[in-house]
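Single chain ahead, by itself, as structure tokens, in the form predicted on its own.
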Amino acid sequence: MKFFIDTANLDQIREAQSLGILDGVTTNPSLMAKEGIFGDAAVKAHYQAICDIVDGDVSAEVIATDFEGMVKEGEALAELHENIVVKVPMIPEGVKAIRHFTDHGIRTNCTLIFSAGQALIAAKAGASYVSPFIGRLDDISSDGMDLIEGIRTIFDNYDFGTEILAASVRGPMHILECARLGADVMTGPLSAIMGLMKHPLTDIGLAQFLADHAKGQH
């Protein structure tokens, strides 16, 4: 399973990268705004900075919702760095744009996926990734893991090359469930990744080892 971090915060990206287990980054306009990054030039410079830190795919989202606008924005983003994957929303104009990008060798991440049908359409259009938002489904009392499982089955039935990128991951259990069900990638906050490493018995065991070692020093 690939581990992506879902943030535009450079310090958090560096921290995740320092662990040696980071495979990529996902961002969106909301995450950019959270870091105070506004305006075309500033956003592009920030993407460049992210690509300088991580040697892996970096999802950069288009703002336009019409075909021509998405194509123009996506082509400009793709030119920034070879690791840029153009993030496109799951709407009819977005599907058209994904097909255009696919035909022109530009990789895509179809975002805001909430059903297996949407994922199937995105895969048919040639999306490199589909991003089912599991946390947001959980928020409305729907099971995000059912969606991951359904998409996995469909993609395996037809050998789609599209990768399932589990998004809106909230915590360690989301990551583990997605891994169990065969999601190709997970993207979540640094806290979710760090949470996987924590266990009270590890802390207790380490404290005991250190205490025993300290006794031997006297």
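One rule holds for the numbers: they count along the sequence shown, beginning at 1. Quantities reported herein were computed from a predicted structural model and do not represent experimental measurements.
A second form of this protein, the form predicted together with a small molecule, is not displayed here; the remarks below concern that form.
- Checked against the small molecule in the predicted bound form, the residues Ile53, Val185, Leu31, Ala64 give one hit for a heavy atom within 4.5 Å, which is Leu31.
- Although the partner is absent here, His104 is not a contact residue: none of its heavy atoms lies within 4.5 angstroms of the small molecule in the predicted bound form.
- The shortest heavy atom separation between Arg170 and the small molecule in the predicted bound form is within 4.5 Å.
- Contact check for Thr162: every heavy atom lies farther than 4.5 Å from the small molecule in the predicted bound form.
- Contact check for Lys124: every heavy atom lies farther than 4.5 Å from the small molecule in the predicted bound form.
- The stretch from 129 to 137, 88 to 96, 75 to 83, 142 to 150 that comes within 4.5 Å of the small molecule in the predicted bound form, counting heavy atoms only, is 129 to 137.
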